[in-house]
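So this first bit is one chain, no partners, the form predicted on its own, shown in structure tokens.
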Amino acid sequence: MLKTLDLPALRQLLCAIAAEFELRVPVQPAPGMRLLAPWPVAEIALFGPPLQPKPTAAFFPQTQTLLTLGADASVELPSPPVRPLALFGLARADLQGIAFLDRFFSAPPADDVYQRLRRDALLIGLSGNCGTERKFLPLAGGHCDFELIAQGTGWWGRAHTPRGAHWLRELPAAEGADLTWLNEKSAQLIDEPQQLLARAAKLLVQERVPEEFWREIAARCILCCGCNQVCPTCNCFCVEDQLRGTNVERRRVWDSCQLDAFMREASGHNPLGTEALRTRRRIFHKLVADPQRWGEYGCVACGRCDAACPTGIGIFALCEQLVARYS
């Protein structure tokens, strides 16, 4: 059942959630920028560009302590959070990214550090007319506890889990609400990028893309690693030890497949020894290897890498070139 709420009811709902969770909501610190900030806030940024940094960083941050080794050989694990996280304002692509990392970090052996933050977290989607300049964003379709669908000056609340239904239970029903048109529009918006990814993936599987293409693209890469830093499904990391007083802190830090040292072995051999090979791997991994292992693309069509790349070689730009040149 769809529920209805206005801005005062939304703020009341968020206050209730914040009493049980560490709530983060979207804010706009500068024009064209949105990020998740701790509640309470003076004003919620209820529409605008994709959230930065990527919301998956709430559970898989750029730098994360794994354990601390004491001088007496003791081992101290990170303390669990006092309260679970609640993230509000997640677009469909954000939720798909979190679901992707859930599968990755839950695969045996399950990653207890990720689970410590992800466990019991409340995910709240935001869809409808809430994009940049109130552009329509597809319905969440799941992967969250409930979503709010922006409709004019208010929202429809839609539960996807029993926990979501619990939080929406006291809101009035949205009489006469019909999602038929919104579902159709969402399906259209979702299908278009999926078709492009599918056509590009087919070319890769059929080995119809020559090495010259990857060398050409690699020549444009400036190794900023922006594509990996903003991608919600990128999950590569390295482990480093840092001396802090008499203790050693072991941390994991995001890594990038675009860097020369990414797969370099102790012998000095590097199976991805050229930028062309690393660029090819980045796209091949998202469009071929991930579907083979997980049953879906490693790209959630959020557009972040295309927006971040200063030389125009984000995944959609590359897929468009692949399809145009080799179909």
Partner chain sequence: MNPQEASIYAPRPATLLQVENLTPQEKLFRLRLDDGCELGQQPGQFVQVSLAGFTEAPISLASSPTRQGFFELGVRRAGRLTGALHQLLPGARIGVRGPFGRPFALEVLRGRQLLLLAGGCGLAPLRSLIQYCGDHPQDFPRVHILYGARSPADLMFQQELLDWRQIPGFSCRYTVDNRPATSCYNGETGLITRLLDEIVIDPQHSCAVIVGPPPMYRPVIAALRRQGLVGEKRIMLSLERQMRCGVGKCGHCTIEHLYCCKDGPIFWLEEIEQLRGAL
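Because the structure is a prediction, the values reported are computed rather than measured. Positions refer to the first chain, counted from 1.
In what follows, reference is made to the form predicted together with the partner chain, a form of this protein that is not presented.
Peer 1: Quick check on K202: any heavy atom within 4.5 Å of the partner chain in the model of the complex?
Peer 2: Contact check for K202: no, nothing within 4.5 Å of the partner chain in the model of the complex.
Peer 1: Answer with yes or no whether G295 is in contact with the partner chain in the model of the complex, where contact means some heavy atom within 4.5 Å.
Peer 2: Taking the distances in the model of the complex, the answer for G295 is no, it never comes within 4.5 Å of the partner chain.
Peer 1: Do F136 and the partner chain share at least one heavy atom pair within 4.5 Å in the model of the complex?
Peer 2: Flag for F136 set to no.
Peer 1: Could you confirm whether N235 comes within 4.5 Å of the partner chain in the model of the complex, counting heavy atoms only?
Peer 2: Contact check for N235: yes, within 4.5 Å of the partner chain in the model of the complex.
Peer 1: Out of the stretches listed (111-119, 127-135, 191-199, 163-171), which one is close to the partner chain in the model of the complex, meaning heavy atoms within 4.5 Å?
Peer 2: Looking at the partner contacts, the answer comes out as 111-119.
Peer 1: Find the only residue in D241, E212, E184, E175 having a heavy atom within 4.5 Å of the partner chain in the model of the complex.
Peer 2: Contact residue from the list: D241.
Peer 1: Would you give me the residues of 240-277 that have any heavy atom within 4.5 Å of the partner chain in the model of the complex, in order from first to last?
Peer 2: The stretch touches the partner through E240, D241, V248, R250, R252, D255, F262, M263, R264, E265, A266, H269, P271.
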